[in-house]
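Structure 1 and structure 2 below are two forms of the same protein chain, each written out on its own as structure tokens.
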Structure 1
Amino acid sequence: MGLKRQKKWKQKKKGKGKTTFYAYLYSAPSLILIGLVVVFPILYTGYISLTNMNVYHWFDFEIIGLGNYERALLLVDSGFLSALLATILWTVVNMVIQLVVAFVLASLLNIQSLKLRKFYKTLLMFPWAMPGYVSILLWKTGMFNSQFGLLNQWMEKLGLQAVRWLSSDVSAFICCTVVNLWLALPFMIMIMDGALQSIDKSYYESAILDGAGWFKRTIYITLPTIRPIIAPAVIITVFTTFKQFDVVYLLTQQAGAKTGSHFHTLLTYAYENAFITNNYGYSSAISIIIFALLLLFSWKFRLKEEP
């Protein structure tokens, strides 16, 4: 079959067909692997989302149409809409703090007379270098744990009562934000630092000669110059923040060790419905909705930058 086709192509247009054939031949292992492990499960998830599959209907499930989507999108107390709102709030809060803090710290690191810059940078890179899940678990046990967590030891020293940091929604949200910032800031600082270093110093010199203060220099020189440089990294970070699973799951939602907080991002919500409450159909519908949202975002942002 392959040979025949190849011959036919050869006769038709000599160079072109052969190139196409070999290009696909050599890409085949990679593309087949992606097809099997990534594309097909997504399609299958789409199929499951149309059924009533759950623990009781593991084999004898039936197609129920768009019922799961209705439940997610139209029922106000289904939990999906509140998870969506929480995720948006989470993304906005995290991104704003991240950008501001990273900008300030990178600016401080770029002050000319700071000789130990490299040393500080190396130390500040540690949270990025550590395996993410290890850091999160260390935060959970080392900082937030109600018995031997450092925070509660300090509270005790101050004569205050021990607090169960991860058990209520608001404080769990704050704790997750702190940990997420701790994990994500080093990367952002690196990006900002690189962008700041790429600015031509002569701009500032002439601006100072013209009498522009720090604030004016920032608004008119620094920010416009670094914007296009940091934009791709910022967009990627928005995506990873929106898709955050590890921080929230490991801190508060671990299977068998839930802390009682109801703060969910979309991903932990979908996970809970698949593996804890075993509503496979419903969870798949949520997965497809999340995927659609992500497609919408990336269609708006990333594809524009392609040549």
Structure 2
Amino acid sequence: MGLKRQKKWKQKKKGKGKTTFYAYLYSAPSLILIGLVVVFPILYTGYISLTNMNVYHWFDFEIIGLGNYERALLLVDSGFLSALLATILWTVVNMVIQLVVAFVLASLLNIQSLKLRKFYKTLLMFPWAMPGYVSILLWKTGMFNSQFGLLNQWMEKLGLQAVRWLSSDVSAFICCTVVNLWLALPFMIMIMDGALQSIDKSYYESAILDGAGWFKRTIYITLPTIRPIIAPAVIITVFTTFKQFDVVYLLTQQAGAKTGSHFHTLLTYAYENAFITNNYGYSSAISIIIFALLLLFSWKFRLKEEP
């Protein structure tokens, strides 16, 4: 009886091994493609970050160890730490404003007595539907241009002097934030609107019967109910905002059209070191640091969400 069980167990194990082998065999093309497209570039970037590759050492570069990382993290005037702080501030400010404005607008759109609600919702989706490149350049030339921009035309009519909106770091930060909100708000409004519509109206009816006002209903019913729905959207938005490149670059740092502002996010700082100063080793080190920061954030969030 024991021999039969042992034989059956061996056959079962052999069958599982064969199934696993065929599973990997069938998945091999996809795994190879993922390795070439995703894994290899990350590993190669990590390797380049340990070298002095630049325009002067394109083929004869040497391994210098952690020198690029030391320059980024320990050298105060390298520009990396200021770009990191600016990126954190950029992410926090944009995220907070997006959540607040999206919640307010979605709440207004869910007022039952509001006429043309569907029309307003469609209208709010237009910025999201437009190509980002087109929207950013329209804002740059149509609104913020110091000579014929709409903002300066309004200021001149009010008897005020024209302003170079993108020339200083603070004003450039504000302008970039406005444009980023224009592009990103529709997505958050859509998610928030769907979350608000999913709440059972009987909760509000019971709260009203108990004498709860709008503020208490929002704190104790609305926010706890929509939190699990909007949490993934918030995480996605944090990632995309932290990695924001096109808004800041096209508005302030575009080659041949720089505005004088030195406001940099990590992505624009890495781009400048890679393609303007051609310091590929240092830029690769910055890219790896960004990758590590995003992995750390993702790991912390997953750990927090585990029961």
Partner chain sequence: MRNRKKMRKRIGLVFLNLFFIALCFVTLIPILYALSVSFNAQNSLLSSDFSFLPEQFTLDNYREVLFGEDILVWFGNTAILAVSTVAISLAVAIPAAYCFSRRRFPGRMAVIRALVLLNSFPAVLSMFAVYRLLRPLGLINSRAGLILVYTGTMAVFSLWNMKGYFDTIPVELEEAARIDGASTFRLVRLIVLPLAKPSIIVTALMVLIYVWNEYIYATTFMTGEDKYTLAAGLYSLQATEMSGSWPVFAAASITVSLPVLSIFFLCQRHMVSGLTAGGVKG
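Computed from a predicted model, the values in this text were never measured in an experiment. Sequence positions of structure 1, starting at 1, serve as the residue numbers. For clarity, a rigid core is taken as the largest C-alpha set superposing within 1.5 Å between two forms.
Exercise. Given structures 1 and 2, which represents the form predicted on its own?
Worked result: The form predicted on its own is the one given as structure 2; the other form is structure 1.
Exercise. Superposing on the rigid core, do we see a C-alpha displacement of 2 Å or more at Ala292 between structure 1 and structure 2?
Worked result: Comparing forms between structure 1 and structure 2, the Ala292 CA shifts below 2 Å.
Problem set entry | Core-aligned C-alpha movement of Phe275 between structure 1 and structure 2 reaching 2 Å | Comparing forms between structure 1 and structure 2, the Phe275 CA shifts below 2 Å.
For this session: Indicate whether Ile34 shows a C-alpha shift of 2 Å or more between structure 1 and structure 2, with the rigid core used for the fit.
Result: Indeed, Ile34 is displaced by 2 Å or more.
Exercise. Tyr24: how big is its Cα shift between structure 1 and structure 2, in Å, with the core superposed?
Worked result: The alpha-carbon displacement, core-superposed, is 4.1 Å.
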